[in-house]
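Each of two forms of one protein chain follows alone as structure tokens, named structure 1 and structure 2.
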Structure 1
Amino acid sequence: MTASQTAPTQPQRRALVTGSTSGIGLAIADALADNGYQLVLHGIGDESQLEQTRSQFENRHDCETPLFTTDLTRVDELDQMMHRIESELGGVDVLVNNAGIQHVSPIEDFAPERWDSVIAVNLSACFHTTRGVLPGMRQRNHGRIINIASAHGLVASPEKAAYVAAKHGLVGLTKVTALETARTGITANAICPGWVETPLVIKQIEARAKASGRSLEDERHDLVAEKHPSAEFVSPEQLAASVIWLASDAASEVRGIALPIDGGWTAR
């Protein structure tokens, strides 16, 4: 290429990561921004904390970043968010369905409203966001839908009925999305993490320590060693690296997989 020729500039790709104000989602958003994506952040919680997370993110990546604080259990508000992202921002190239919640209880004591909210956030919201991005992605003939499922999308544990059902459902939804888009430039895949030390898991370690009277450190060790043959946690950055790969052109024929990153948990 001569000095007078310039490489065609590609428009900056945009990514929405649900639940990106904390934990795994924030690490994925950071990695996507580091790889040149313009981010749309999303999460719920204390307003001033969310704003602080957004401004720290903007400082880290030197870019203006929209933040949506939509409660994903409210389908009409979720639809409005997806409509605004398409009409005001021009849609997204990458959708990462990451937001998730947990509730731990035996089935007989499992409060029905807890069942409803775990299914709503971890499964139904992923259907609604997918429904929201597909028309724009089809028009542009390009897109990546990456669902953060879980090892619990592949195997079960007691006392996690709603979570296990939702994550198995999400793996199923991923396969259907992949098949319906198989003749297009859109792909859909799921990542199935084992234990990652985030607020969602720290709450479970604290609950175990409270119930057993043992130290947090002991419960932390046992929680991971019970499931991971490696006895090591997975890091949010390791998951983020897989998202970057699935979003890349190199993964254009990776369709409908459920990729375990779980210290060997589901190899047993």
Structure 2
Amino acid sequence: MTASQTAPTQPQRRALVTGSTSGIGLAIADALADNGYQLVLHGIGDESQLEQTRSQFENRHDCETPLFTTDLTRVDELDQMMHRIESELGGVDVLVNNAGIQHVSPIEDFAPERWDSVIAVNLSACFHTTRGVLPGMRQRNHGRIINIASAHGLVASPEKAAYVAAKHGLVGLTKVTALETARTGITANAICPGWVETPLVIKQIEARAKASGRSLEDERHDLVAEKHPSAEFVSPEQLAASVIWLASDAASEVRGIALPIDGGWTAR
């Protein structure tokens, strides 16, 4: 093949990961970038810290990376973010709905505003981002929608009414999205992690150790062993690897699954 006959290069694919400035979301974003995707990051918090995270991400992957600080409880802001991503960046090929919040309380004491915010971030925002990416994905006849649900999308625990309801709803939304796109090159799937050793979970372990007077290692073991028959945490990198597989051509006929990565929690 001569130079003039060289096949055109394929455009680089782009991914949006919500809640991608720390923890699981950042691990997923790093893995996607390592696999050749351009990333759109999303997170909230201290502006200078977010900028530092974005800059470090760009340095790691030698790329320009936009970062949105959209409030996922506000539909108008979500719609504006999705419109900008489509009109200014050309849309995304992979959407990873990862952002989530938690609140623990018995139902009769569960503050209504807490219920509303957990449902808004963990479920409604995923509907709105999905609604935003589907037209462009349909036009290109390609897309991957990957929802980070939870083992609590498959089973329940006390005092987590809003979180369990939202994650069950997210599994249901995933299935509907998969059915509505079944005759296209778009797939929708959910990943259902168990305990993941993130900074937030480490804080829980430290709080348990402080309250009990036991060692961090003992509390770490007991926390995870309460749910995981393996007595081992899931790592953010393991979840990221599952996202890479679901985003790949190898998973083009994986549609509507809720994949537990939970140390055997939901096998009981």
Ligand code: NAD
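When a residue number appears, read it as a position in the sequence of structure 1, where counting begins at 1. Take the two forms, superpose them, and find the largest set of C-alpha atoms that agree within 1.5 Å; that set is the rigid core. A quick note: this is a predicted structure, and the numbers were derived from the prediction, not measured.
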Mind telling me which structure is the form predicted alone? 2
Upon rigid core superposition, what is the positional shift of the Cα of residue 216 between structure 1 and structure 2, expressed in Å to one decimal? 4.7
